[in-house]
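First, one chain by itself: the form predicted on its own, in structure tokens.
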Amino acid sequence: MLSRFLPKDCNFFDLFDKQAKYAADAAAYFQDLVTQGKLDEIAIQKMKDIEHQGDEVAHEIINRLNKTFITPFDREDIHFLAKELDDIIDMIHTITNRLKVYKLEKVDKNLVEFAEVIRKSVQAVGCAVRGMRNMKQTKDVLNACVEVNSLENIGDFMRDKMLAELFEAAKNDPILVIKWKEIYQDAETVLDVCEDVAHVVESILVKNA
């Protein structure tokens, strides 16, 4: 495997694992926040800290990519994978901020349901990313990618169902409709980005088969 020829101080797989871990941390913390309805300044800062840690790893990947001659797979794929993993964390951070700004601090059963699906999808992304270390053992990686794709489809259905319910229940409060519409759509976007990561991983596997 090409990673055997990489300098020991330039292990991209370790960095991708770090990114995936921070994404999992963000998803798990987001689920806790929306389940408990605790969106105080401490919670917002903690999510911001996770997002900052993810940014630092993404920047480190790009910096090392610019200084490394031999890479485990295509340079473009390394760059794109780092960006998409970072986008997962950024999007979860954005939703958390918007909930605070929009003063949507009460527990919403629909968002709690979405947060659970997001957590599962990000966990599956982590499994796929960790599995890239061994390109010959692709079964678990592909299964994880299939799970991500399945959860994205579930997210599409959930979003449409929730929006239909929202338009009916809050039709006399258009501002509230606009706020929750954006939150639900952003939550589904997180699942879209997870699916983008899965597609990148699948493409890398095909290229290195």
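Note that residue numbering begins at 1 and tracks the sequence as displayed. The structure presented is a predicted model; accordingly, all values stated were derived computationally and were not measured.
Keep in mind the form predicted together with another copy of the chain is missing from the figure; the text below concerns it.
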Flag this candidate site as yes only if K18, Q31 and K38 all have a heavy atom within 4.5 Å of another copy of the chain in the model of the complex; otherwise mark no. no
Residue (of E182, E60, D140, D49) lying close to another copy of the chain in the model of the complex, criterion heavy atoms within 4.5 Å: E182
Does any part of I70 reach within 4.5 Å of another copy of the chain in the model of the complex? Heavy atoms only, please. no
Can any non-hydrogen atom of R130 be found within 4.5 angstroms of another copy of the chain in the model of the complex? no
Looking in the model of the complex, any heavy atom of I154 within 4.5 Å of another copy of the chain? no
So in the model of the complex, is another copy of the chain close enough to V146 to count as touching (4.5 Å, heavy atoms)? no
Within 184 to 209, which residues have a heavy atom closer than or equal to 4.5 Å from another copy of the chain in the model of the complex? Q185, H199, S203, V206, K207
